[in-house]
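Form predicted on its own, single chain, as structure tokens, below.
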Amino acid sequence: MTDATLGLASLPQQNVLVKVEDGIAWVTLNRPSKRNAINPGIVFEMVQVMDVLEMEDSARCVVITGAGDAFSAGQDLKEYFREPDAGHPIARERLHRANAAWQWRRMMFYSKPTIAMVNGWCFGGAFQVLLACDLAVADEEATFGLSEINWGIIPAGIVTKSVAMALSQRKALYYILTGETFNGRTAEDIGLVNFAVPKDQLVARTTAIAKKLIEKNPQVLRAAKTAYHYTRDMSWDAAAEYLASKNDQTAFRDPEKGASKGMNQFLDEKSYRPGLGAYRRD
């Protein structure tokens, strides 16, 4: 079966639940009794979920959250580490490769916008899921923590890298070295999430942001996201050259010719004011 023939009906809906409503794909990590700790079941189902949603036209934006009172408590120490480490080495490599595939190799450059909706506990390995998403909204009372230091280990996988990219050195090192927990309000203050809101407003605020993204030109949305990630590690000269080429490529590939529409509505029709809203996409 190819990606083109996969559909929502093919998803197991066990460790990961998926529903699509009004253009938004709600993806829920579904191990509430384990605070949605990431095990092989979640890893391999998430790879499949991302394959399916990428080809699903009804899904324009992807929201990732957790069942119950947690976003995710991080990696499942028994099922993700101890059992695979004691098994076949190739099976272990396959698991780690699949986990990297959806958590950062794929998520950061995913073809559709992604939002992390942090509804509770967010620890360790879950930081990579959180930071791989384009945007994040949290319950202001959610609990965050890089608790690896308390286990005698470091935030590995790619967690330390993503935290270093998102936070200032002082903030990143403080939480990495102390393992101290903090709430959603602090997560917003230090730039880990975009917004922290009361729990009863979490879904509404996330939905509003998702709808705003859905209104945008999807081709340009993808290109803007890709350009951001690539230029972060480029020199100024390389970035200028890359962005000029990327802009031309985007205009060429855009099926709705958004740049031409916006220019026409602004210069000719006088019906569009850039910066105050989006051009008409009809």
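Position 1 is the first residue in the sequence shown; the rest follow in order. Since this is a predicted model, take the numbers as computed values, not measurements.
Missing here is the form predicted together with a small molecule; even so, the following discussion is about that form.
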In the predicted complex, do 139, 184 and 193 all put a heavy atom within 4.5 Å of the small molecule? no
Just to confirm the contact call: exactly one of 117 to 125, 89 to 97, 131 to 139, 199 to 207 touches the small molecule in the predicted complex at a 4.5 Å heavy atom cutoff, so which is it? 117 to 125
What is the one choice in 246, 60, 34, 222 with a heavy atom within 4.5 Å of the small molecule in the predicted complex? 34
When the contact criterion is heavy atoms within 4.5 Å, does residue 160 count as touching the small molecule in the predicted complex? no
How about residue 188 - does it come within 4.5 Å of the small molecule in the predicted complex, if we only consider non-hydrogen atoms? no
Spell out, yes or no, whether the shortest heavy atom distance between residue 74 and the small molecule in the predicted complex is within 4.5 Å. yes
